[in-house]
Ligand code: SAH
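Next up is one chain by itself, shown in structure tokens, the form predicted on its own.
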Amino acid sequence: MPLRPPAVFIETFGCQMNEYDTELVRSILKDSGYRFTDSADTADVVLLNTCAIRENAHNKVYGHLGALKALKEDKGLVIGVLGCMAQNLKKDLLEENSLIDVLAGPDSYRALPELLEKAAAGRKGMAVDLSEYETYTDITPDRIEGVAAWIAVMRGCDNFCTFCVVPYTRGRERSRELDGVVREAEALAASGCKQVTLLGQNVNSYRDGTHDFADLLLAVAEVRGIERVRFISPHPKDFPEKLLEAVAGHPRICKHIHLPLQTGNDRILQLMDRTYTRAEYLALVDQIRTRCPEIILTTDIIAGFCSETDKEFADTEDLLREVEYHLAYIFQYSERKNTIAARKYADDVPAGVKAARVTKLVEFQRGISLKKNLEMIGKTVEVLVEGEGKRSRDQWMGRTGGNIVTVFPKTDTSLKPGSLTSVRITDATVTTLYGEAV
């Protein structure tokens, strides 16, 4: 290591939980004397915080590793792979000709300073054990201050959906104590943060021994200075009335629920071990919309799961037509190493068929999303200003309570990032509302 404090560049792939974990890693390394840089070219250490959920995420990481080869040969760069991919592919990543010096799984970030010190001395190492207890609740994430932030309220997952690698890369469910989460929200509010999103692989399984997720959601919503509270993601199998009442009844809990479906066919749902039927899912949607008519619903869809037929795929399209989500994240099935599906089922839907199904669903959903946004024209919505518009410094960009991106001119000089303002919608596209402050 150079005599000056080593410079670290961290690149994050994947979900919001990975973004939060990067903030934890920054805090751990900063406390050990490391500094940070925004480029691999100026770094002594490059850390890739990875995702193992989809094949595309794997390919990106391998591509970035290849791009770092010249830097490693030129300046002795230390390269580390963190997170889910490190946990899931540890044998593959530490082959004799590997560029990687350090592997650290999601429960092993406290070991990073020691691992990096050894790597600088030429000794590769890894820490990839899963923990039944680690929640990092005593570590304050090193965040870039802004109007919105993530808070991980639990780690791991006990659902074992057959397609999903998370239980194997992040371990079993562990919940933080309610008081610790509230203190983190209070610290964020004191720094000027106006919105927090509570994170978990299945947040409605949250239990700290005394409190459930509805208790936690309401407690965070009462933190002075926090104007909006969001959460992702719940599981349809476990959505109690108490949680729905909290969402519908508290003015600072956003009227937006991301409710992953995955497929609209009962046989495929059973193969995925999602533990609900199509009818039960639709009944939950009806219950949610009856209690909270203004709710914005979004979802996740997997197309081309093992043995899915054209008719079964059509059931998913029919369900999208029936529910009319505001937004759907649609992916083709990619077999993940060590999952139940990889061990039990053949990945037998041709790649071309998977791609065609995804394309069809995406185009179909775009039509629904555009219809939903056009229906907003003439309405007035409350928007949390996040910053300047991407296309013009003369515009503000923010989001509605339903998490819809909204752009409007800077006509009110009193507004700034973090302001809540009313915007009358005058135009809309598939992804964005346009309007004027009122």
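Each residue number is its position in the shown sequence, starting from 1. As the structure is a computational prediction, the values presented were derived from the model and not from experiment.
The same protein also exists as the form predicted together with this ligand; that form is not shown, yet it is the one meant from here on.
query = Among 333, 313, 325, 281, which has at least one heavy atom within 4.5 Å of this ligand in the predicted complex?
reply = Checking each option against this ligand in the predicted complex, the one that comes within 4.5 Å is 333.
query = Of 254, 193, 302, 151, which residue is found within 4.5 angstroms of this ligand in the predicted complex when only non-hydrogen atoms are counted?
reply = Checking each option against this ligand in the predicted complex, the one that comes within 4.5 Å is 302.
message = So in the predicted complex, is this ligand close enough to residue 108 to count as touching (4.5 Å, heavy atoms)?
response = No, residue 108 stays farther than 4.5 Å from this ligand in the predicted complex.
message = Although the partner isn't part of this model, could you tell me whether residue 43 comes within 4.5 Å of this ligand in the predicted complex, counting any heavy atom of the residue?
response = Taking the distances in the predicted complex, the answer for residue 43 is no, it never comes within 4.5 Å of this ligand.
request  = Tell me, yes or no, whether residue 260 is in contact with this ligand in the predicted complex, where a contact means a heavy atom of each within 4.5 Å.
outcome  = Yes.
request  = Consider residue 201 of the chain shown here, and say whether it contacts this ligand in the predicted complex, taking contact as heavy atoms within 4.5 Å.
outcome  = Yes, contact at 4.5 Å.
task = Report yes if all three of 164, 233 and 274 come within 4.5 Å of this ligand in the predicted complex by some heavy atom, otherwise no.
result = Yes.
request  = With this ligand left out here, work out from 30-38, 46-54, 381-389, 398-406 which stretch has heavy atoms within 4.5 Å of it in the predicted complex.
outcome  = This holds for exactly one stretch, 46-54.
ask   = Of 406-438, which residues get within 4.5 Å of this ligand in the predicted complex if you count heavy atoms?
value = Read in sequence order, no residue approaches this ligand (within 4.5 Å, in the predicted complex).
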